[in-house]
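Only one chain is included here, represented as structure tokens and corresponding to the form predicted on its own.
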Amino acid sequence: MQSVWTLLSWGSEGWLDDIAYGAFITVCLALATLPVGLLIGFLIALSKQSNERSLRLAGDIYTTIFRGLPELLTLFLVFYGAQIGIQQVVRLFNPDAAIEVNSFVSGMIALGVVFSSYASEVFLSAFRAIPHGQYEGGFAVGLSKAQTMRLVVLPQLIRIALPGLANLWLILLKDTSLVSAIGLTDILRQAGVAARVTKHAFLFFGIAALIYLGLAILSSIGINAIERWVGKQEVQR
């Protein structure tokens, strides 16, 4: 039987390089999902405070669906549903074509829409915390709606929404473990493979837990640094 240090070594006899690759995929997936979720969430928040009733209704339906469905179910719907839909479209032009949806992209889309549904509520609360006089002040000095949003509202919006978005980022990091269910080689999948092959389940799942915890600690340090920077910018204004 191999020793623990051999199992946790680099190279053909160890599993550390495989788990490190899984950590790299996890971080890449989370970083790729973040801007997608933030952008969609911001647009949904704008729609939910719009004067147009149809936009408000569409935003409410979006958030109700993706906050109500389990994340794993959403992942399966995107992975298998998108594959079926694309294949049906492609076969209209080429009956023999076979399309396979990339698990990384599927994970990014599924986690992105779930993240955005929660982020939209954070943005919406931040919008409502900004006094309407801020908008009127921007218009009074000759700014357009776009300029008022960019120069007056957005800096305040980011400061107010940052704590909520930081919590959502930590949740997103943990939710990336779900993509192991569709075959993406993230931390959890690599740890599971190592556990099955070596019969050291507690060891490798424990290593996975430590990696997730380490990523959360590093994220918290980064978030605190961003919050301090935003606070200094606010004081300078």
Partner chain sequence: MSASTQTADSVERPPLPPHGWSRQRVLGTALVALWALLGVGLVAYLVSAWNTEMFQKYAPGYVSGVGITISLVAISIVAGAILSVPVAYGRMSRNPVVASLAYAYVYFFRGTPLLAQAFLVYYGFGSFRPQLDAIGLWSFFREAFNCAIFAFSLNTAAYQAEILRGAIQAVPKGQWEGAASLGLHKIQTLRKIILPQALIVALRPYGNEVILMIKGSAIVAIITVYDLMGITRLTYSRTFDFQSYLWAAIIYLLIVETLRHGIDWIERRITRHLKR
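Given the structure is predicted, the values throughout are model-derived calculations rather than measurements. Residue numbers count along the first chain shown, from 1.
Separately, the form predicted together with its partner chain exists; it is not shown, and the next lines address it.
Checked against its partner chain in the predicted complex, the residues L29, L178, L168, A45 give one hit for a heavy atom within 4.5 Å, which is L178. Of the heavy atoms in K145, some are within 4.5 Å of its partner chain in the predicted complex. Although the partner is absent here, L38 lies well away from its partner chain in the predicted complex, with no heavy atom inside 4.5 Å. Proximity of F127 to its partner chain in the predicted complex: non-hydrogen atoms within 4.5 Å are absent; the residue sits far from the partner. Taking non-hydrogen atoms only, I217 approaches its partner chain to within 4.5 angstroms in the predicted complex. Annotation: in the predicted complex, residues F123, V153 and I223 none come within 4.5 Å of its partner chain through any heavy atom.
Residues from 200 to 221 that approach its partner chain in the predicted complex with a non-hydrogen atom closer than or equal to 4.5 Å are A201, F202, F205, G206, A209, Y212, L213, A216, I217, S220, in the order they occur in the chain.
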